[in-house]
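A single chain comes next, written as structure tokens; it is the form predicted on its own.
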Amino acid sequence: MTTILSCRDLVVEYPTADGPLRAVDRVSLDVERGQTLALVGESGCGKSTLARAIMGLASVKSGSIKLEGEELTGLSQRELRKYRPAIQMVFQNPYGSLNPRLSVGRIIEEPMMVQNIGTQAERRKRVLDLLDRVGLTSEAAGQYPHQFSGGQRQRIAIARALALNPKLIVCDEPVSALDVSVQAQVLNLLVELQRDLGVSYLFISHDLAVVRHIAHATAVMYLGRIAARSNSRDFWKSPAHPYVRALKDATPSMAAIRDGTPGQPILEGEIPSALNPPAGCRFSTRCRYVVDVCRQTEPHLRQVTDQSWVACHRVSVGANGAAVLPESELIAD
């Protein structure tokens, strides 16, 4: 399988009055061609900052971002311009990401104009083709964003992202502002587009239920770092990291949603401040499996099965080859 996006030891910091805030701390991940990597975690863990860094919208302190083997870090905005067609973004808020002063047709056409692609007639034809592909009529080209619902606006944003035939689309919480029924429609559209066009997605979300049926692989972020990553089958079948297990337990199944049964209680306690993260494992202040080594030594991401990596001292490989936690040593509440 070919890697289209590769991030290695990526660090992004923001200056604050109390010192630098490291929002992304030595993050490494890969997105494969034609696949979806879901990046999940609680609000404030650094997911959106990572997305902005990949898009060149946030300065990278150190580390590497490669698109099809080409290094992007350190390039100026002018130098990045030639890579823009290959990597596009769909933002979280469909109400704020579309220019209300431009018609829908102009919004979708604008990336092609910036890149000097095609004649005006060719671009207009492309706009109509894209509207049709995302499930909107040609009449939408002459209308304005305020005339559309949230789900329709996000379809417009997806059409704009597709205008330059990208190889990778970074989707930053693309359905979190939408109603549940509309979320399903947009997710189904993304799956259909991937099947037809072969586009890759880095799909960022705080909601595991959203990514369950779209992701081929899933990485979990906690306080600026990757806590675990695996293919989606292993992620749901046998989550090993205590944080991942807690997130999964808090995610209601379809049967639970239908019956109105809530998931397990969410994690107790607050995420520590990124300005002063805990020593050792960053999850140690909320973990039910914590022991002294967890508080003293930072765990590094290590491979525990063919398709699973975890940053946890307590995880081992069981007799059946699956990653396991020591249930007999569970710390009492």
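Worth saying up front: this structure is predicted, and the values here are computed from it rather than measured. Heads up: residue numbers just count along the shown sequence, starting at 1.
The next section is about a form of this same protein that is not shown, the form predicted in complex with a small molecule.
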{"item": "Interface residue in the model of the complex among Val60, Leu301, Met55, Ala274, criterion: non-hydrogen atom within 4.5 angstroms of the small molecule", "value": "Ala274"}
{"item": "Partner contact for Ser28 in the model of the complex: the small molecule, 4.5 angstroms, heavy atom", "value": "no"}
{"item": "The small molecule contact at Gln307 in the model of the complex, heavy atom, 4.5 Å", "value": "no"}
{"item": "Any non-hydrogen atom of Pro278 within 4.5 angstroms of the small molecule in the model of the complex", "value": "no"}
{"item": "The small molecule contact at Asp234 in the model of the complex, heavy atom, 4.5 Å", "value": "no"}
